[in-house]
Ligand code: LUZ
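Before any questions on how it binds or moves, here is one chain, the form predicted on its own, in C-alpha cells.
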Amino acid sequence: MSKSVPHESAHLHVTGNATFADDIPQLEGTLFVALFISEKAHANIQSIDFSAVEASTGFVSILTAEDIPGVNDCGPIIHDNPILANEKVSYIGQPVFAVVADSFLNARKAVKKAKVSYEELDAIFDLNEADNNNSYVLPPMVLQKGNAQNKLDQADRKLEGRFKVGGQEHFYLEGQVAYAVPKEDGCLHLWCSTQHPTEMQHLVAKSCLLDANQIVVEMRRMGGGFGGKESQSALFCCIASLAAKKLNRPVKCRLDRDDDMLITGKRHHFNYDYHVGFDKTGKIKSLQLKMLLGAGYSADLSGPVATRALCHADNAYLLDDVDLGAYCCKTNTQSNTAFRGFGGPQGAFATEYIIDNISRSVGVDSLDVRKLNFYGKTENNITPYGQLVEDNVIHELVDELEKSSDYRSRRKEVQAFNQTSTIIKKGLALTPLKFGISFNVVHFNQAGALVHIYTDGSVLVNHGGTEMGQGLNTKVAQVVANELGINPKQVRATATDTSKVANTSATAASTGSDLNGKAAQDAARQIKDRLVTFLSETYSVEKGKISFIDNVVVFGTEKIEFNALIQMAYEARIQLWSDGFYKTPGLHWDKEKLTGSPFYYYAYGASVSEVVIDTLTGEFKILRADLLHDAGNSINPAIDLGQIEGAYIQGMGWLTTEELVWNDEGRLLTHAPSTYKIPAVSDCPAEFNVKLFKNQNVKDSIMRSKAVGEPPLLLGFSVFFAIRDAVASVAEYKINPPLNAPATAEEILSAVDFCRDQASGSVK
C-alpha cells in the first residue's frame, strides 16, 4: 500500500486499445438514433410533420413520447424530467423525438427534415427574475444557527453585496453514449457511459415496463464523467433501450459534441446576496447569505446540490451565527446537475469571496483574516449544521504551505512590483479548503463487491463503482492485493455489471474508493480467513502466526507459495470466492431541519497561486502554483497527485475561462470547443509544486486514506483571488473589485476600470 502503482488501464489508454462504450463491436443489424431537439425555450408543440423524415434514406422508425410503454420520465429524484417532450418543450435543446436509421449519418440527416410548429410561451432565463416570481423546482432551503440578525446589528463593521459565479460544462472527452441489445425473453443488455449503472437499470425498467432483473447494465470505463454521467446519462440509455425494445434490434444512441452540450445540464451557476458583520480584526460575527441556484427546467439533482452548498458555505471557518438560504430557481434552460464538488465549491466560494472583501476593509492580509476565522481544534469546532469537526489539520497544513511557498516574502515582492509597474500587475492568494466526504442521503453510503481467486493464484474483483479515469479500479486492486499479500499485477478488476453486484450507488461524492475499497477488502478478508483456518487445521499452527506477504504464506517455521496454497485449498474444497459489503458508519441527517452529521470525515487542503494580469486587455497568466492536500494515508500517491493537479486546473478553468453564454432566446451559444474554453497546456503554471500533506485519517476509512476526487477542485480558488488581488492593486488594495466568476478577460478589464474610476473619484 501507499505505493505509486501504475493505473491499471494506462497502457491501454496510451496505445488506443482501451475499450469504451462506443468501441464495443456492433452486432449485425444495429440501428442508430438521432435526436430532434427543441428550437424554442418554452412552447406548446402544435404539430409535427414527419413525412420528409420517413422518406429519408435508411429511415427505419420514429420514437415519440407516445411510443413509451412505461413512464416517460428519467428524473433521478423528482419525476419532472421527461425522456421525450410531450406536448410542451421547456428549453432549447430538449429532445422531442428520436429517429432510428441504418446508420448514424442517415439518422442525423433524416431528423433534420422534420417540421415542427410551436406556440411560444413566456420564458424565464434570469435567476433574479425566477426568484421574484417564486419560480423554483423545489421549496427554498434555510439553514440557521444562532441569531444572525441580532449579531449583525451588534457588529462593529458590516459589509453587504452581490456577486455571481457561473456554471461549467463537464466537457468529458467521451460524449454520452448507450448501446442496447435485445436478449431472449424480452431482456436487454445495455452498454453505456454512466456513473450510476443501477439508476440506469431502474429508469430503463420503468420506461420499458420491464423488471430490473431483465436488464443488465455493463460499464467498463468512461472517458471522463465529472458528474455529467451520474443522472443525465439516463435519457440516452432510455432512448436506446426503448428503441431496441420497440424494434427488437440493437440500437446505439451516440451524441456529437454540439448536441451533447445543448441537451445536457451543467454545474449550477449561483447568484449571491450577503450581509456580514465582523470586528476590526476581521473576525466574522454574523453572516446572512442568500444563494440562488440555476436549476434549469427540472429538479434533477438540484436538491442535493443545494444541500451540499449550504453544508460547505462555512468552508474552513467557524460561523456561529448564520442565516443561509438556498433557492433552486426554475428557468427555461438545460436542467443542471452534478458536477465535481456537487455544490460544495459554490458554497465555499461565497465565504471565500466575503472574507476577501473583509480583509481589504480592515486593511489586513487576507491570509491572516482567513487564519483568524479558522475552526478550532478542540473547541469552536461545530459546523452550522451541527457536526463536530474532528481531525482539524487546517492550521498546520496552511502553516506548512505558507512556509514552503515563501508566501510572506512573495507578498512583499508582488506589492513592490505593482508599485513600479503601471500596466502589468501581479496578484497572490492563499486559500484553504475543508470538504465533507459522504453522500448527504445516508442510504447511498453502501457498496458491494465480489472477489474470486482462481487456482493459478490470479484474482478477479468486481465492485459497484465505475472507472472514469480516476484510478478507482487500480486502488481497489491494490486493496485486495494488500489484503491477500500478493502483487497487484495478479489482481484484475472487471467491468461494473448490475448482474454481478446489485443495487449500487453512484460513483460520486468522492466515495468511490472509500465504499468499494472497503467492500472489496471485506470480500478478500473472508477468503483469507478461510485459508487461515485451512492452514491452521492442516498444519496444527495457531491462526495468529500465519501471515500473507510478498506472494508467500508463512506459518510457524514453514512457508508456502500463495499459488500453491490456493491449489491445495481448492483440492480441499475451500470456497475461494466471496462477496463483500460495506456501509459507512455514524451518519445521520435531518433533511427538514438541515442538521446532523452527514459526513464521515473531512479532507483538507490549501493552495497558493501567483498570477499576472494585463490591465489593458484583461488577460491573465498563472506564474506559479503551490498545492498541499490532505489525502490521509494515500493508497496510491501518484494517482492522488494526478487527481489533485487535474482538480486544480479544472477549478481554475471554472473560475476563469469557462464561460457559458445564452442569447436572449435562451439558446446556448457556447456549445463547442470553438466557443467554450477549457484550460489547455499553455494555461498551466510554469512552476507547479504539488505535495501530499502527511496525515492519517482518524476514521476507519479504507487504509486510513482520504478521498481526492472532489475536494482539490477548491484549490483553484486561489487563482481567482490572486486575479482579484492583482486587480485591487490598481487602487492600492483599498477597493474591493466587483469581479464575478468566471474571471474572463472582459470581467477583469471591467473590474480594473471600476477600481481605477473609484480611486480617481470619477465614480461615486
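The first residue of the shown sequence is 1; numbering continues from there. The model shown is predicted, which means the values in this text are computed figures rather than measured ones.
Below: the form predicted in complex with ligand LUZ, not depicted.
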{"query": "Stretch in contact, per heavy atom within 4.5 angstroms of ligand LUZ in the predicted complex, of 282 to 290, 484 to 492, 386 to 394, 440 to 448", "finding": "440 to 448"}
{"query": "One residue of A429, I622, A508, V217 in contact with ligand LUZ, assessed in the predicted complex (non-hydrogen atom, 4.5 angstroms)", "finding": "A508"}
{"query": "In the predicted complex, the one of L301, I263, I83, C192 near ligand LUZ [non-hydrogen atom within 4.5 angstroms]", "finding": "L301"}
{"query": "Ligand LUZ contact in the predicted complex: R308, any heavy atom under 4.5 Å", "finding": "yes"}
{"query": "Interface membership of F342, ligand LUZ in the predicted complex, 4.5 Å heavy atom rule", "finding": "yes"}
{"query": "4.5 Å heavy atom contact, E169 to ligand LUZ in the predicted complex", "finding": "no"}
{"query": "Distance check, E230 to ligand LUZ in the predicted complex, heavy atom within 4.5 Å", "finding": "yes"}
